[in-house]
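Single chain ahead, by itself, as structure tokens, in the form predicted alone.
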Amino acid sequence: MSGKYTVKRFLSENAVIITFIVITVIAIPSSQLSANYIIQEMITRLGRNSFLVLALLLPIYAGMGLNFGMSLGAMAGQVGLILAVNWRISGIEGLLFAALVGTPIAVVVGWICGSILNRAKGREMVTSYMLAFFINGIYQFVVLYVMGMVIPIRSPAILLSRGYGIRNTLNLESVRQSLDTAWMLTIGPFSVPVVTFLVIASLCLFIVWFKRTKLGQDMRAVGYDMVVAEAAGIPVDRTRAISIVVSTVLACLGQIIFLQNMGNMATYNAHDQTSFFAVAAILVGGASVKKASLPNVFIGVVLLHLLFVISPRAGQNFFGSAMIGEYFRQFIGYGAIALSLVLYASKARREAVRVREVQYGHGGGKKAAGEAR
């Protein structure tokens, strides 16, 4: 009986990972892609996306759930890149300049986001999602009207023909893969962007160190129980706001890393899917609204993007249309988020029932709840 319960619990807690592994195992032979191509794509995508997904961890530790508002930081990073291209600052210097411009913006919008989320306790995820739409409107106004009209833009190559506003697509050739190619290690047929992975490793070490600091311990205490944390003298609202600020700044830096790898930027919607794909990745890696770890990040990035790589070709070979694979990719991404949230809600409900049973005795949970009413 105990063995069955353990297997059932394992399958329940890892349902998303198992589902993705099964789908991937079925799809890889159908895609007919070579192993070398798939491995190189995974190396590239790990370097491109991991920093953004790591930005989600601190708000989860603080009990604020999945930070859909991380796209605020992505917008700040994009403003920095626009100004770097405008002033023709190239290479790693251009990336550092973009980070210096974007970080203060990310701190401000992150603090605004954290303050608002403190007024929406228990509804942080949907509130951050709606707040991202609001800040997106301000970003669109700044990029479409303010830049070139109020903020001087010296480069005519990035301006719209009317003389103000930034073009729909921005060429980032001046900073394209400057971080990735700073030290490219060739191992057999594979190219590894060493500096990019060193940056990601540094962030992982920072997170491990941060969790052991007083502020990190406060965040975990707040995430566990806000009432107890407040009774212990921890400034709950301030701690929660700081977690969002740090997450937003990391999202800013992660978006810069992402876009320098891509080499171009869709000025008005490059940030739209930032939080969506990051959240999908960490959930696919086995994380939940209340619990996440570093392994969840990297497992999720590999599994999600492995499916992204093989699904268009598998759709082409299976159904004669690559678009089927594209639709399937979108469906899987949204489905991963939905399935994870449903499983988390179901697990939380079972845990509540278990606690009542322990408190009132087996079988007495319903009776005790009835007597309490």
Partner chain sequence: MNTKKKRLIVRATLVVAYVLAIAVVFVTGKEHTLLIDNMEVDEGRIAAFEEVLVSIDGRESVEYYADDRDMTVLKGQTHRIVIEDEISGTKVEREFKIPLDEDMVILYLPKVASGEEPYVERFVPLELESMPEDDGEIDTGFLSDPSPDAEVVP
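Residue numbers count along the first chain shown, from 1. Quantities reported herein were computed from a predicted structural model and do not represent experimental measurements.
Although it is not shown, the form predicted together with the partner chain is what the next lines describe.
- Checking 293, 288, 261, 90 for any heavy atom within 4.5 Å of the partner chain in the predicted complex turns up a single hit: 90.
- For the candidate set 160, 198, 185, 151, a heavy atom within 4.5 Å of the partner chain in the predicted complex is found for exactly one residue, namely 160.
- Residue contact with the partner chain in the predicted complex: residue 100 places a heavy atom within 4.5 Å of it.
- By the criterion of a heavy atom within 4.5 Å, residue 174 is counted among the residues contacting the partner chain in the predicted complex.
- In the predicted complex, residue 191 stays away from the partner chain, with no heavy atom inside 4.5 Å.
- Of the heavy atoms in residue 111, none are within 4.5 Å of the partner chain in the predicted complex.
- Residue 272 is the sole member of 270-285 found to place a heavy atom within 4.5 Å of the partner chain in the predicted complex.
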